[in-house]
Structure formats: C-alpha cells, structure tokens
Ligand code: ADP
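Next up is one chain by itself, shown in structure tokens, the form predicted on its own.
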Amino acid sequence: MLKIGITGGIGSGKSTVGRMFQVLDVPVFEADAEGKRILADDPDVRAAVTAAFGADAYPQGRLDRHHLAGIIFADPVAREKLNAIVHPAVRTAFGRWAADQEAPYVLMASALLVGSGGARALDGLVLVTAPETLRLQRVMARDDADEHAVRARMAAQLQEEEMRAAADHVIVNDDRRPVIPQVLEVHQALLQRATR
C-alpha cells in the first residue's frame, strides 16, 4: 500500500479535493483534525505542551486554542516547539490508521507535510494549489476572519514554491479549471503505481 500526502496552503481546497478522493474509495486521514484531537486529549502531548508553554495552555484542564494560537503565530520558535511535540504523535496515529486500511493507496491530508518533514516518510505528495487572492477570500468567508488574521496564518505556512518543488502531482483549484478530471488523472496514476 502506498502512503501519499495531500497538502496545500490554507484555503487551497485540500479538504474538498480529499472528499473527491474519498468518493473514489480512497481512505483519507485528516492529519490536521487528528492533530487538534491529540493536542486536546492525548495525556503525553498535554504534559509536553504544558511544560513548554505553561498551565495557561489548558486552563481548567481544557485546551485554550486561542491562547496557544496567539503564542505560536507570533513566534516561529514557539511554533516549531509545538510542532515537534504534536507531529510525531500524528505520524504515529497515521501509521496505526494506515495499517487498518485495505486499499491500493491511502492519503494523509495536512497543510504542514513539507515543512514538518512528514512528507519524507511518505511515498509521494499531491499539492492542491490556488491563487493567493482566492485562498484569502475563501478563508475569510469560511472562518469569518479579517484579512490581517488570515494573512498572518498564511505567512506562518511554508511558501507554495517549496511545496511545489516537493510535489509529485499538482491539482489546480482556481475556480476556472475543472478539478474532478485532475483528481481522476492523479488517482489513475497512483493506482498504476500501487499495482506495479
């Protein structure tokens, strides 16, 4: 079984493209959602985050996402520290999940695959891309966020050129080119590779 990453900047449409692969019976592991769950619930991760960022990360025993986000989006060193705690736990969860799947290939969807080094442990990478202005509009509408906040989140992510250099396949989600034929083309290429 091939383990393939699917990544892209915030607002690129990773989740939408991931759902298209699921329609094709491809199992998709949502690493970002799993990371949030692990950050909130995993006792070892909670202990490490509390040691690194203080008890204010979990007031009354519950994760304060807003407080933690305020720290990590303002400080790249703090962001790396948090990623070093959460990413290995997510990779372990993905390995367990993948072992339970029966498919020629599975997808791990994450915005941070390239920057975290997680892509190196996979058999390939699909990049979902969209123009920055369109990504900005999508996230502002989706999250009811202001432009400054969304741009700060974009700036915290790896630049698209670096993700593109690591990608084996690129799906353009620019609201002009049809996405479904691109997904089908990538799917066929991955099926062929998985059955060699």
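Counting begins at 1, following the sequence as shown. So that the term is clear: the rigid core is the largest set of C-alpha atoms that superpose within 1.5 Å between two forms. As the structure is a prediction and not an experimental result, all values here were calculated from the model.
The discussion below concerns the form predicted in complex with the ligand, not included here.
Asks: Is there a heavy atom of residue 138 no more than 4.5 Å from a heavy atom of the ligand in the predicted complex?
Replies: Yes, residue 138 sits close enough to the ligand in the predicted complex that at least one of its heavy atoms falls within 4.5 Å.
Asks: So in the predicted complex, is the ligand close enough to residue 15 to count as touching (4.5 Å, heavy atoms)?
Replies: So residue 15 counts as contacting the ligand.
Asks: Report whether the minimum heavy atom distance between residue 175 and the ligand in the predicted complex is within 4.5 Å.
Replies: Residue 175 belongs to the contact set for the ligand.
Asks: Is it the case that residue 142, even though its partner is missing from this view, gets within 4.5 Å of the ligand in the predicted complex, heavy atoms only?
Replies: Within the cut-off, so yes.
Asks: Within 4.5 angstroms, counting heavy atoms, which one of the listed stretches 144-152, 66-74, 167-175, 52-60 is next to the ligand in the predicted complex?
Replies: Result of the contact check: 167-175.
Asks: Just checking, between the shown form and the other one and with the core aligned, does residue 150 shift 2 Å or more at the CA?
Replies: Indeed, residue 150 is displaced by 2 Å or more.
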